[in-house]
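Okay, so here's just one chain, in structure tokens, the form predicted alone.
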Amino acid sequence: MCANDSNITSEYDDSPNCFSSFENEVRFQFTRDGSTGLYNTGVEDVYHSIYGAKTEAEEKFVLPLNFENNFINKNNIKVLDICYGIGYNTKAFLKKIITTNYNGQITIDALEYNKKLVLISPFIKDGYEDKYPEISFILLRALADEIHSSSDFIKYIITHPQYRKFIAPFYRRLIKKFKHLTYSYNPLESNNRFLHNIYYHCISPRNKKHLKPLKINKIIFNSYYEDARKSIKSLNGPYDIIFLDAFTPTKLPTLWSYDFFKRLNSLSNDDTILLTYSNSAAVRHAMIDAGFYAGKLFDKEGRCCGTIATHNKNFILNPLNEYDCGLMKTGAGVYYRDKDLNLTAAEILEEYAIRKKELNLESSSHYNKFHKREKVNAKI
């Protein structure tokens, strides 16, 4: 997930102070599936589920794509990853590409406010480093110049005792070995040496199938470091897949407004699938009013774990039921507005509170009581 607010660090800074600002803003933690997760102290919200950062990405953002049925025959696939963080949704998607017989062109546009997170994402102990090292190679190939120019920060994170347990062991050894990352006056050509050794580790024909290098050469990764609302104004669609993994709407509403979804709708085609972890009635209402159909996602335990939005009803396996549609007509279904996509979180919340009060809709608690009573009466 990513932050988009003036109180959150927005510009990348490679000065000595950037280390302390990064440490004050971001906390590393292992999630229950063994993958590395993050907590943002500014927003006071997690980037990833404590149950598993890797598991969450695979179950909520990749599995619902039903890739083999919905996308396998497309020659080109464009992916928009909103709130890239340290890249779990992109990584889970890349694993899917690597492990299927898809051989088309892939373009991934990753939006993330905090550039530091993107630059360290290839090195993270994420659960993919052993079986699918090609994923890191794809990211490093795209980020090599920026990693080189930010080498002091990268080396600090990778080698510092506080963080080393969250970094894949191979990269800790690599950073120590290749001294060129230490010296800022070295030419960017030294990236070639760095990438050559990553390549040798990740996709050397000696220990990988010879077709994999050909497949990953068809994958393009682009990163954008600014407020996602600004990025989507300049990006060109259509996107086939959109991942929306922003912080909780009530904590940071900037990427959950009707107007934001309206712009995402304009970047979509007839078969676009938009996925998010949010079950919010307000989010679903905003999606529908912006022009999407919306449906529910369920995890392996049968619990509702997110929302799918699309123009193709055939992609929705679990449509919203009568209860869900009724809930959107209550106060819980009032969505955020951000007409020009430039309001602060505080301004959005203030406008929302005023409008919700003026609408004076039925409360969700009253609706839930009535709905339960209605169910009971139906059984009598």
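Residue positions are given as counts along the sequence shown, with the first one as 1. It should be emphasised that the depicted structure is a prediction, and the values quoted were computed from it without experimental measurement.
Keep in mind that the form predicted in complex with a small molecule is missing from the display, and what follows is about it.
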If the cut-off is 4.5 angstroms on heavy atoms, which of these, D245, E134, D240, D109, is the one near the small molecule in the predicted bound form?
D245
So in the predicted bound form, is the small molecule close enough to L80 to count as touching (4.5 Å, heavy atoms)?
no
Is the gap between L140 and the small molecule in the predicted bound form 4.5 Å or less for some heavy atom pair?
no
Just to confirm, D259 within 4.5 Å of the small molecule in the predicted bound form by heavy atoms?
no
In the predicted bound form, does N89 have a heavy atom within 4.5 Å of the small molecule?
yes
Go through 160 to 168, 98 to 106, 292 to 300, 111 to 119 and give me the stretch that gets within 4.5 Å of the small molecule in the predicted bound form, heavy atoms only.
111 to 119
